[in-house]
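Only one chain is included here, represented as structure tokens and corresponding to the form predicted alone.
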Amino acid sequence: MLLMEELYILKRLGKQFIPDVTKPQLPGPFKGRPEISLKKVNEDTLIALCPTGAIVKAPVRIDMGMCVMCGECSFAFPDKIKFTTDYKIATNVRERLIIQEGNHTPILIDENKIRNEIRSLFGRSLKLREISAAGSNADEAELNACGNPNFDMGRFGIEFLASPRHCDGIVITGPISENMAEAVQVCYDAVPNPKILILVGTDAISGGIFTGSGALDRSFLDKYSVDLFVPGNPPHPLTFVNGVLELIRAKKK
């Protein structure tokens, strides 16, 4: 009886394990890298739709580090903006998260900006401490999924650990509230050098909808260089896994 149930689930859902995390196609509802056409629209109306000010004009640009993926811009102006299913949108250069109209270039890691010790020390094993700095639990839930049987980032030597003293870097989610600022600093200091700093999600990268709030203290980010920005609200597990792999592993020639 149990075998029949398992066969039914397999037929209905297919194989859940992803053998190659660099190649799967995500379904249409997923919002990944946006593309902005050169079609003329009322830019002031377009800008007014964005709750975080991620869209600016002359030329029209969308900052993925501020975008909350609400999709209002694409709903109102479908001929101007569409969200693709491209989930490989993590980068180590903040400016590459700004998408300009007419430019459909994929978001990539800048190989020249990667510190030498990252690939020499962490290419085969990377242990990370995740800090929810006033997060909504959306980004955190997706990061938890990275270790499940579907995505299984542990097979690449990438794992989340409890103690920062046993880790190679920290992953920050959430906008970093005033109450969490000290905890973030303490955790970062506890990680031995050299270490990696990764920001995951719109809130961590820019503050998101909380930008400008007096409840935030993002001064920590003024003191250190970020090694990887993983945009999304929340990011897909494949975005995180691929971003980290591209950061720590040299591409095969």
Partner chain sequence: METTSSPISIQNQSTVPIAAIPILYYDEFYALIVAWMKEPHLHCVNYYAFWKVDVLKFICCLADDVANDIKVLSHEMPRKEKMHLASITREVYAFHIFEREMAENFGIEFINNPWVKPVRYAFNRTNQNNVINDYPFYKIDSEELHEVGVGPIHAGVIEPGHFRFLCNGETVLHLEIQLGWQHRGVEDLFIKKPALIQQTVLSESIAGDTAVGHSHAFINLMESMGNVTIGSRLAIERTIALELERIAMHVGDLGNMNIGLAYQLASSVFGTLRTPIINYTQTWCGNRFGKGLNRVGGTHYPFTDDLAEKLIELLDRFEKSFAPMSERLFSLPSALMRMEAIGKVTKTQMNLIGAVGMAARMAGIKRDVRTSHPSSAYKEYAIVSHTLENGDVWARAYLRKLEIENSIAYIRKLINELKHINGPSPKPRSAADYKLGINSFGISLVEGWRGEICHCAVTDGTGEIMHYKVKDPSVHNWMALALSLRDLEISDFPINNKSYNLSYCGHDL
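Nothing here was measured: the structure is a model prediction, and the numbers come from that model. Numbering follows the first chain given and starts at 1.
One more form of this protein exists, namely the form predicted together with the partner chain; it is left out here, but the text below deals with it.
Engineer: Going by a heavy atom distance of 4.5 Å, is S125 a contact of the partner chain in the model of the complex?
Structural biologist: No, S125 is distant from the partner.
Engineer: Can you work out whether P59 and the partner chain are in contact in the model of the complex, taking contact to mean some heavy atom pair no more than 4.5 Å apart?
Structural biologist: Contact check for P59: no, nothing within 4.5 Å of the partner chain in the model of the complex.
Engineer: Given that the partner chain is not shown alongside this chain, does P231 nevertheless sit within 4.5 Å of it in the model of the complex, heavy atom to heavy atom?
Structural biologist: Because no heavy atom of P231 falls inside 4.5 Å of the partner chain in the model of the complex, the answer is no.
Engineer: With the partner left out of view, is S37 within 4.5 angstroms of the partner chain in the model of the complex by any non-hydrogen atom?
Structural biologist: No, S37 stays farther than 4.5 Å from the partner chain in the model of the complex.
Engineer: Non-hydrogen atoms within 4.5 angstroms of the partner chain in the model of the complex: do N144, C187 and G212 all have one?
Structural biologist: Yes.
Engineer: Considering A134, I109, I118, C167, which brings a non-hydrogen atom within 4.5 Å of the partner chain in the model of the complex?
Structural biologist: Of A134, I109, I118, C167, the residue with a heavy atom within 4.5 Å of the partner chain in the model of the complex is A134.
Engineer: Listed by sequence position, which residues of 146 to 178 have a non-hydrogen atom within 4.5 angstroms of the partner chain in the model of the complex?
Structural biologist: Residues within 4.5 Å: N148, P149, N150, F151, F160, L161, A162, P175, S177, E178.
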